[in-house]
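Consider the single chain below, provided in structure tokens and representing the form predicted alone.
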């Protein structure tokens, strides 16, 4: 162990000792593209299979490259272990089930959520006998009243909501949830451990879509769940449900994380510049970015993120608030690309009403604040002057 804890940047580049060190100490963890591992003696394989000795027997259970990636993400979040999945949605499902959600139990969820998560809660988990109660998570009296009914097994929230970038009082939500016996699962994809580490607030399970900022290059699909007290349950769910991460994607995740802190710094700087530009533009009617003093959660974001930044996503409403205007703007972009993801080194743009939140009925989207004219931009790390010039040219078309 070092004499003092390494910085986040150093920890992202140098995996901890338990992350798969080898006697020859390669500078990049090898890829193990194998489904199984052979032993000279069956007794040795059985002892590993039973957990009596460390080792590997089958890649659905564990793979050295995947374990290396899990260890790095866990370390960035301040934990010993993590569980990697084939997608962020698989990590969300396993995280919820792992903390105790099941038939006859209730999930209390923030109303402002990623559309895929909303669909999982109201369709798939509902079909398994799980009730979801949606609340305005920034209304703590409403949160406590829901928890006080005594049926909530888990509270599900996002550090920064998708797509409106609302920042709720996570430590207070955790305190209330634990008081009434509910566990807390948080989607930390937008904020990442660069801005905060929710385990330090008492969160029980942190989930990431590693497809986004952790990978950062648009070349993988993966998810990670970090749940120290529930690790074994989550890991068994991954094994039994089969939503495993392949060693190739794990290696790409490891590669991406090496530059993750540097990328996040630039994402945050560029997003702040873009948000200020949009806020001053006459064709933009509203900008959602917690770094702006006009954002309703600005002060809370400053307190929770400690000056590290405010993330790389900016949302805004255009002109008359119609879908046609939003599409005209998106089609007018040349450098910025239309894509249904975020967190890549490139600047990406989407229309939430017809992509990330298309599973919600129009009245549900309106109640949350997602109008037809809302545009979400994931600001990349290109030269910010080039991003601004492209946005300005596209705004001239609306």
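Being a predicted model, the structure only gives us computed values, none of them experimental. Numbering follows the first chain given and starts at 1.
The same protein has a further form, the form predicted in complex with a small molecule, not shown here; the description that follows concerns it.
- For the chain shown alone, residue 225 is not a contact residue for the small molecule in the model of the complex, no non-hydrogen atom being within 4.5 angstroms.
- Using a 4.5 Å cutoff between non-hydrogen atoms, residue 158 counts as a contact of the small molecule in the model of the complex.
- At the 4.5 Å threshold, heavy atoms of residue 76 stay clear of the small molecule in the model of the complex, well away from it.
- Contact annotation: residue 274 falls outside 4.5 Å of the small molecule in the model of the complex, judged by heavy atom distances.
- With the small molecule omitted here, the record of contacts in the model of the complex names 208-216 of 104-112, 208-216, 306-314, 244-252, defined by a heavy atom within 4.5 Å.
- 92 is the sole member of 147, 318, 92, 195 with a non-hydrogen atom within 4.5 Å of the small molecule in the model of the complex.
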